[in-house]
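The chain that follows stands alone, in the form predicted on its own, written as structure tokens.
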């Protein structure tokens, strides 16, 4: 959504001149289901954004307008509470966290709109939280470091919204850098940038438009299975705190000692952490083809060892396997639906879309959505 449209809508509703911010969604190139195991992820901010227009008011109210779904919401500065309308909770949660840190947040007006596809796994919720956190930090000169804005945005979703998300999404939305991915250590929150030199290639997300009911229950189960594996490993190696501390060689020692399902879950996470580190070396050494191969390896691990894929995702990845114009592809996100992420030669992208659309529709009776994305900066004031 164009920022001028948001600014105009703000002036129509509130008759004042706002500050304008863009807060991006995110992708994750490699490093899936490693975050809650204190591991490594490799995300980036993208050119799909929530655009905010924000200005203080003297009404004693927080007044919000969401362009889509064309809804207003307001709350008194001393009476914010969870609402069944859902979308305001991501914003109210940020205010709640800032107040818990001792900040006084006076009334303000906010209009926002987004071109981040809902339900595609691009973290529109984190963009909402991160964008408002940065805007209010500036508006009221709160002087919170950006890393603290990341933490409080995550807490807003954990404590106010009630979703037990990790920190990657908010981190990517705030710390993204144009043409770079970054390796985030989910334990220490140290992050290192690596150039994403795609040259004549681009990133294409293919949205299956399905989300199977298994998603939430399976996610919780996988977390418990990883914890069970760590417990067994600590009986032999008490210094181990999490799967992050387990090397592939050490993991292999348990191939006959551990329940086979638990072993496969842990084996995937250990290998994926190692894969992230190797993928960063590929980027440093301009080995983009090897990087793409690791994306396929990630998908196979998610499909067979972690078992969080689904027929629609597998079909899309398999369709690209023999295509030279696709360097790498995998499912992205929690699983059981959502998107695949693909690195594709730009001149072949249109033809690939046509082929995938036809084949997918014939197989599943539904046409997928396509989202070409570029890697951009994190939350930025644009006007």
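None of these values were measured; they are calculated from a predicted model. Positions refer to the first chain, counted from 1.
Same protein, other form: the form predicted in complex with ligand GLA, not shown, and the subject of what follows.
Trainee: Identify which of 205, 258, 165, 152 has a heavy atom within 4.5 Å of ligand GLA in the predicted bound form; exactly one of them does.
Mentor: It is 165.
Trainee: To test your reading of this chain, name the stretch in 313-321, 329-337, 60-68, 354-362 whose heavy atoms come within 4.5 Å of ligand GLA in the predicted bound form.
Mentor: Correct option: 329-337.
Trainee: Within a 4.5 Å heavy atom cut-off, is residue 26 in contact with ligand GLA in the predicted bound form?
Mentor: Looking in the predicted bound form, residue contacts with ligand GLA include residue 26, since a heavy atom lies within 4.5 Å.
Trainee: Might residue 48 be said to contact ligand GLA in the predicted bound form, defining contact as any heavy atom within 4.5 Å?
Mentor: Although ligand GLA is absent here, residue 48 would stay clear of it in the predicted bound form, with no heavy atoms inside 4.5 Å.
Trainee: Using the partner position in the predicted bound form, report whether residue 193 sits within 4.5 Å of ligand GLA, counting heavy atoms only.
Mentor: Output for residue 193 is no: heavy atoms all beyond 4.5 Å of ligand GLA.
Trainee: With the partner left out of view, is residue 296 within 4.5 angstroms of ligand GLA in the predicted bound form by any non-hydrogen atom?
Mentor: No, residue 296 stays farther than 4.5 Å from ligand GLA in the predicted bound form.
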